[in-house]
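This document starts with one chain, in the form predicted alone, laid out as structure tokens.
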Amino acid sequence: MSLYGTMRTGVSGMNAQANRLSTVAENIANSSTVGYKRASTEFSSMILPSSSGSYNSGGVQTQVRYSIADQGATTYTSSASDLAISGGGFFIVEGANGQEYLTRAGAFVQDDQGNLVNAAGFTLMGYEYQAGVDPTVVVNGFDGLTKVNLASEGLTATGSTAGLMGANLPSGAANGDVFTTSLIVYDSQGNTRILDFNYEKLADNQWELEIIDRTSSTSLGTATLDFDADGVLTTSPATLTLNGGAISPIAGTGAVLNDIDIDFSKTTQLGTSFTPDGGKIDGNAPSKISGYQIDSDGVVYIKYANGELEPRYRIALANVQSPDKLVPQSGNVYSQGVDSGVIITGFAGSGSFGTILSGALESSNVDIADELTSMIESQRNYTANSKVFQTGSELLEVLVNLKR
């Protein structure tokens, strides 16, 4: 064994402990960073060829590991746009360069354009609802994603396109008896129109449903309702498409009534009184946006002043086979690495993805007590390695002095 080899081994040990101290310092510095994942240093030995009579000391090398898969504690806040994931998955965010990244840091707030942006300036991405239809996720890429924008708009109104009406029709009614209920629908400008649902008994187990615009008395559609001996509706399909173009707009408005699909599958014929179930219709009258809500599935609802909720976005999540192998980037975000596996996207609550908590944040998974312990260990080990180097240096000096 050479003295130089001893000194190089000591330096190797000091470098390794310095790396460990660096991760400890980073962990402590980010102990309060939302969604931060702890870094740790792993050591592995470097062995040099030796013989029974001569030993060559090698050294030690380090590799930094990130505990990205370990979830931090959840803390609750008063902001609905603060988001945490309970379970697997990452939020997909977009940087200023237009590149998508993954993150668990969900402290999102609206910027001046209404986009949800976290503390590091990354914008939350999701899929936009089209006509209230749940979006379809692209599992192997970021195509179709758009920025989640909650900018308040002026008054908005949506015309009705679909609804349902159920009712129990009295089985003991005489042929020709008519029972009526009504439903409010909205035209393209949010004006209300009242539609009367007239149920006329034609024969045993058979009724006719006619839907009439109350203002103009115009029939918008009819359907024959057939029931079996148990009073269960057998008409199929149990839907009726109303011809909205059959009635004139409200005077001076120019608004149109869309064709509306009415689902009457919940209609029954039983031995009790006529009982409408209240019905349901989509669309809304003009109303201001008063806020927003985000549910556990990641659906972002716009809340109107009249209390109605409209799904506007669905937050997308992403995951990889080995989250701990993701490549950390500045701003508490991660990108795909060669060892992490490919990125798969999906929605909260499906597959291996966790659920989204609104009004909550995921804390750093750093344990200060563990970090201080590691720091003390590193300090002692660094000192011990420096003593090895110092001893080698002193022995070398003795060797040099032999020449004098």
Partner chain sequence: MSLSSAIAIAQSAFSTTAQQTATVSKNVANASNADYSRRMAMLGTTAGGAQIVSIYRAQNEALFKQNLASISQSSAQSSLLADLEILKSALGGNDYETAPSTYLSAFRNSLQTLASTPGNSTLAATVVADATDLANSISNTSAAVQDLRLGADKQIAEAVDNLNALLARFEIANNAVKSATAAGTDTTAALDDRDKLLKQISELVGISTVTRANNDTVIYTTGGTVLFETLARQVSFTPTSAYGATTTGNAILVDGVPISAGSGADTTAQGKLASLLQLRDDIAPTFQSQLDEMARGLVELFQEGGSPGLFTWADGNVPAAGTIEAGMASSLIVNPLAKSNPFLLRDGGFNGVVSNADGASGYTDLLDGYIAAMDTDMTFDAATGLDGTSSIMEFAAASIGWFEQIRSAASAAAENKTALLARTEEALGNVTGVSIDEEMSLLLDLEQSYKASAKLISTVDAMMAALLEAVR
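Rigid core here is just the name for the largest C-alpha set that superposes within 1.5 Å across the two forms. As the structure is a prediction and not an experimental result, all values here were calculated from the model. Numbering follows the first chain given and starts at 1.
Although it is not shown, the form predicted together with the partner chain is what the next lines describe.
With the partner omitted here, the stretch from 226 to 234, 310 to 318, 189 to 197, 251 to 259 that lies within 4.5 Å of the partner chain by heavy atoms in the predicted bound form is 189 to 197.
For the candidate spot formed by Y76, I184 and K303, every residue has a non-hydrogen atom within 4.5 angstroms of the partner chain in the predicted bound form.
Contact with the partner chain in the predicted bound form, judged by any heavy atom within 4.5 Å, is made by just one of V366, I68, I343, V34: V366. For the options G278, G245, G176, G141, the one in contact with the partner chain in the predicted bound form, meaning a heavy atom within 4.5 Å, is G278. Mapping the unseen interface onto this chain, Y129 falls outside it, with no heavy atom inside 4.5 Å of the partner chain in the predicted bound form.
Not displayed here, the partner chain is kept clear of A105 by more than 4.5 Å at the level of heavy atoms in the predicted bound form.
The partner chain in the predicted bound form comes within 4.5 Å of a heavy atom belonging to T373.
At the 4.5 Å threshold, heavy atoms of K288 stay clear of the partner chain in the predicted bound form, well away from it. Residues are counted as partner-facing when one of their heavy atoms sits within 4.5 Å of the partner chain in the predicted bound form; in 80 to 104 only S86 qualifies. The two forms, fitted on the rigid core, differ between this form and the one not shown by 2 Å or more at the CA of F274. Annotation for R314: C-alpha shift under 2 angstroms between this form and the one not shown, rigid core superposed. Superposition of the core reveals a Cα shift of 2 Å or more for D196 between this form and the one not shown.
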